[in-house]
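Just the one chain here, the form predicted on its own, laid out as structure tokens.
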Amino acid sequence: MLPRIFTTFLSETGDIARFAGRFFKEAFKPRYEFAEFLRQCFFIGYKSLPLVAITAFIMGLVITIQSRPTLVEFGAEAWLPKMVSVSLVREIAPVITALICAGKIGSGIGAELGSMKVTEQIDAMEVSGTNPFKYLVATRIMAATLTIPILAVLADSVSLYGGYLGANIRGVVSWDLYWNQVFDTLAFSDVIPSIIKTFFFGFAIGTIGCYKGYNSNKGTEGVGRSANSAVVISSLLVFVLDLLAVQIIDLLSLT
């Protein structure tokens, strides 16, 4: 007899997989909800930009300041721009961006769809002949999948600029020297995989948020649980997907 927590985990995993499968079935069939898709891109992408930019800037600044003493101790201070650029672009900026979006976007989608579910707005859409899954779910998942990689690229740029300012707090690094070292160090093998994995981050965040909200119940209490569990599960999935991506990239680099 399997423990109840294990059977619950397997059951919910299967439900999420079916939910994702329904997305692929509904999203690419006409009629397409372009207007709602663009509106969700605005709310998910543009509205999240200030928070992502500020966080990325601070992360670049802090990592540079914290890394300097260690590099100075080993006489490798000149490697500071190279080390910071690789760590930010490969790992830190994409993951931090995804976690911010998991908190902001995942909870927002879960709470919004959850409130529509418990107030029977979704049932009303079905009665009126509208496909609520295509209108509410497919547009949000597609918007999250497409806008989070854009946010991650912008976060890379802002965090590298924060690294430049951090490098000049206790030292002097010219603008040209800093960026020359950054671009000499970074390769397509650093940038492309980090961007590709953010598409999976966005899909996971959008899917979990929509799944939790679309299947919410138990009134207002259920809405709160949906928003909370959407953040927790999507954040955990970001780390799991990042671990898988790192392993895959490592295996491909060895071949």
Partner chain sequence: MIAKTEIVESTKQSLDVPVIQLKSVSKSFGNNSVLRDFTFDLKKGENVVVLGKSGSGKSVLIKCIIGLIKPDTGTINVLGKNIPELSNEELDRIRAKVGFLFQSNALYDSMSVRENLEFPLRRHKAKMTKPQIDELVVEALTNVGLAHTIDMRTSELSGGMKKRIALARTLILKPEIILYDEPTTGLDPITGKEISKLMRELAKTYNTSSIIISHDLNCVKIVADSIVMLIEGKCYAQAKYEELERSTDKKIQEFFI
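Quick caveat, the model's predicted, so the values are computed rather than measured. Positions refer to the first chain, counted from 1.
If you look for the form predicted together with its partner chain, you will not find it shown, but the lines that follow are about it.
Stretch-level contact check against its partner chain in the predicted bound form with heavy atoms at 4.5 Å: of 182 to 190, 62 to 70, 27 to 35, 199 to 207, the positive one is 27 to 35. Interface residue among Leu177, Leu165, Ala124, Ala78 relative to its partner chain in the predicted bound form, by the heavy atom within 4.5 Å criterion: Ala124. Put simply, Arg39 is close to its partner chain in the predicted bound form: some heavy atom of it is within 4.5 Å. Residue contact with its partner chain in the predicted bound form: Thr119 places a heavy atom within 4.5 Å of it. When its partner chain is considered in the predicted bound form, Thr130 lines it closely, a heavy atom lying within 4.5 Å. Its partner chain is not drawn, but in the predicted bound form it has a heavy atom within 4.5 Å of Tyr135.
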